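For reference, the chain that follows is the form predicted alone, supplied as structure tokens.
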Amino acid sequence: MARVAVIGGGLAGLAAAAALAARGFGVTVVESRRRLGGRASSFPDPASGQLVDACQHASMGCCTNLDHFFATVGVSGLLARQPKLNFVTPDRRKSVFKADPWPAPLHLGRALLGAHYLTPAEKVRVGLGFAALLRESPDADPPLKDWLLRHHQTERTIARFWGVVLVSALNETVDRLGLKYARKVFVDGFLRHRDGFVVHLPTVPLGRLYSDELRGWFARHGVEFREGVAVRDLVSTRSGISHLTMRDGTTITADWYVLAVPFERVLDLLPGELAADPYFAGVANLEPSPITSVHLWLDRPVTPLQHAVLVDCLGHWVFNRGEVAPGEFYLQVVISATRDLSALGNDEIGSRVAAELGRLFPEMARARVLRSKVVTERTATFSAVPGVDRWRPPQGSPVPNLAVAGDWTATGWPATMEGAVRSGYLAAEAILTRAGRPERVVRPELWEARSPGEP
């Protein structure tokens, strides 16, 4: 049996491990943390022992590979479909964004017309922007804001519509983004299929997704997990990677290797001659973008909404988990692309968010904050700047027995859970091809798999 060592137990590494184990490879996953899931996971709250997500992650209907992975390992039932999105403004008005039973792209026409935070003229402008996106080449990647301004958008439509969606989806501000992945968010998520925009939220802490069901599936397929074990470096010879050297001095040897770590760690793990190879060297040009989440435990519920997309606010999303312990009601507010908050302390960020919630939800004024926590992931995603794909390598590396995976690799997707799983499947494809067993592992896009009007 051919052996594969996967370095990294995030979604990319787990997806590669699942694809290869299901095809008869013996797989060992090495993860430096004592938990799986990477950035899409949870940590224990010291005050209560509850699992708390470092940052809430969500899937969408267009995320076909993530959906396939979750179904494969048996955790799909731990996510709930949200057929409508709630957009809330500081004046406490709400618009509901949901699809009508019409073919795409007409299915969201009434939802756009009902957006209270846009004027009628602005809705026409947004519609013209949609039409221009559909006509645009999928590979075009000029600066997004310039493109929007050239296509009838104003500073106000950019702030109140395009930015509301894109800053959350891509974890980057509109003035820094390129067109390519902004287009993908809207075309694949909103315009090509009626189910593309539907959000799927975990009903449990993210860490629970990597618990009994997932571990049971991997155990049945012979996958070994070595957690809390860090790789120091990959050792190479002329014929490829010979072994992994661990920080404790031990080694791991396999026939094939998948390097599935965050982009900022890649070059540190490679021998110098590989780190200098143009295939790997471009990774150094990727820029990180931070994300901040504010966790609040309150003495009462303040909103019946399970989630809310915030317009003209500091926060971008509110996620409501309800009563997580007797007398404790938990909210998480996610703020994306938080470079501008770096000069503020956690207490200031927390107080600003709590004050904002008081303006959004009347009951917040009567609630008592039992405790709070602010978490910032400074390297949460890569920044999807114009032309970023020139620095994203394909999964099949120049090293004969090494594949790479991670949402930062060339997936055709931005930095998302879907992109991570796609990268793992593509890394498995690269190994299968080199092993003389070529096979398609990546699932088709939603709009490729089903006709636009099909439910």
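Owing to the predicted nature of the structure, the values given are computational and were not obtained by experimental measurement. Just count from 1 along the sequence shown to find any residue number.
Below: the form predicted in complex with a small molecule, not depicted.
>> Which is the contacting stretch out of 426 to 434, 385 to 393, 43 to 51, 405 to 413, given heavy atoms within 4.5 Å of the small molecule in the predicted complex?
In response: Single hit among the candidates: 405 to 413.
> Can all three of Glu31, Arg39 and Thr381 be found with a heavy atom no more than 4.5 Å from the small molecule in the predicted complex?
Replying inline: Each of the three qualifies.
> Which pick from Ala111, Ala132, Leu286, Leu269 sits with a heavy atom within 4.5 Å of the small molecule in the predicted complex?
Replying inline: Checked against the cut-off, the match is Leu269.
>> Between Val261, Leu170, Leu179, Val353, only one gets a heavy atom within 4.5 angstroms of the small molecule in the predicted complex; which residue is that?
In response: Checking each option against the small molecule in the predicted complex, the one that comes within 4.5 Å is Val261.
>> If we define contact as a non-hydrogen atom of the residue within 4.5 angstroms of the partner, is Ile158 a contact of the small molecule in the predicted complex?
In response: No, Ile158 stays farther than 4.5 Å from the small molecule in the predicted complex.
> If you check in the predicted complex, is Ala230 within 4.5 Å of the small molecule, heavy atoms only?
Replying inline: Yes, Ala230 is a contact residue.
> Do His68 and the small molecule share at least one heavy atom pair within 4.5 Å in the predicted complex?
Replying inline: Answer no; every heavy atom of His68 is more than 4.5 Å from the small molecule in the predicted complex.
>> in the predicted complex, does Ile291 come within 4.5 Å of the small molecule, counting heavy atoms only?
In response: Contact check for Ile291: yes, within 4.5 Å of the small molecule in the predicted complex.
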